[in-house]
Ligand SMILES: NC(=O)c1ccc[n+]([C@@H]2O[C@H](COP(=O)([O-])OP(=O)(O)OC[C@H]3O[C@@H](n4cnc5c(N)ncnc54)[C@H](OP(=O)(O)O)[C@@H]3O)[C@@H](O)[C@H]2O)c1
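Before any questions on binding or motion, here is one chain by itself as structure tokens, the form predicted alone.
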């Protein structure tokens, strides 16, 4: 990273699925670092408007566009609107995804297909649509993977498989899109986002984690910001941010 206090000044980031949770945190960090930011949302219009207001307070341009990342035409229209409104795209963060817990024998075909549509087809479609803009600016793509794509979780076969596919997609794109575009992925482990329903589980998993705690949004954001501003020579990497849980 550069020593500039706002290392992303003059750049435009597109973060999918950023009305809430990690996507929102990534978008806000990008704005704090000086980037103009576009976010997408599907059903969370109210939350997306609130995020745009928060982004604008950092004296950057901000835009929210409704988009179903599984719909090819919708994705193409969204990317075109973002590039037109903000003047281009320097960094794409493929964050939009779904998560589900289902016993292996109870996973339906519809659940399997829906998981791959959002988690794997989505990043492919958005990345492909953004290529002309990213190539023009020697841009970067950051895919959000998961520790579940690196380690098997018995009650998450469809989720784990979809994220493993994202990791391979990251490596394939890194080779296919070089040298104009750098492509990397961040694979979060157990991340504490303040959800009361997950408190007991997070406490249990913290004891199993070498660093003796769950991750935070700030841990993931730091990794994404690194790839957003790192040397262009770094590509094809899947960075596990899991406190050593996957070891």
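Keep in mind that what you see is a predicted model, and the values were worked out from it rather than measured. Residue numbers count along the first chain shown, from 1.
One more form of this protein, predicted in complex with the ligand, exists but is not displayed; see below.
Chemist: Determine whether any heavy atom of residue 191 comes within 4.5 Å of a heavy atom of the ligand in the model of the complex, and answer yes or no.
Modeler: Heavy-atom contact with the ligand at 4.5 Å: present for residue 191.
Chemist: State yes or no: in the model of the complex, is some non-hydrogen atom of residue 142 no more than 4.5 angstroms from a non-hydrogen atom of the ligand?
Modeler: Heavy-atom contact with the ligand at 4.5 Å: absent for residue 142.
Chemist: Within a 4.5 Å heavy atom cut-off, is residue 20 in contact with the ligand in the model of the complex?
Modeler: The answer is yes: residue 20 has a heavy atom within 4.5 Å of the ligand.
Chemist: Is residue 161 close to the ligand in the model of the complex, meaning a heavy atom pair under 4.5 Å apart or at it?
Modeler: Taking the distances in the model of the complex, the answer for residue 161 is no, it never comes within 4.5 Å of the ligand.
Chemist: Would you point out which of 65 to 73, 31 to 39, 49 to 57, 204 to 212 contains residues with a non-hydrogen atom within 4.5 Å of the ligand in the model of the complex?
Modeler: Residues of 65 to 73 come within 4.5 Å of the partner.
Chemist: Which one of 125, 86, 96, 134 is close to the ligand in the model of the complex, taking close to mean a heavy atom within 4.5 Å?
Modeler: None of the other options qualify; the answer is 96.
Chemist: Which residues within 209 to 235 place at least one heavy atom within 4.5 Å of the ligand in the model of the complex?
Modeler: Heavy-atom contacts to the ligand in the model of the complex: nothing from 209 to 235.
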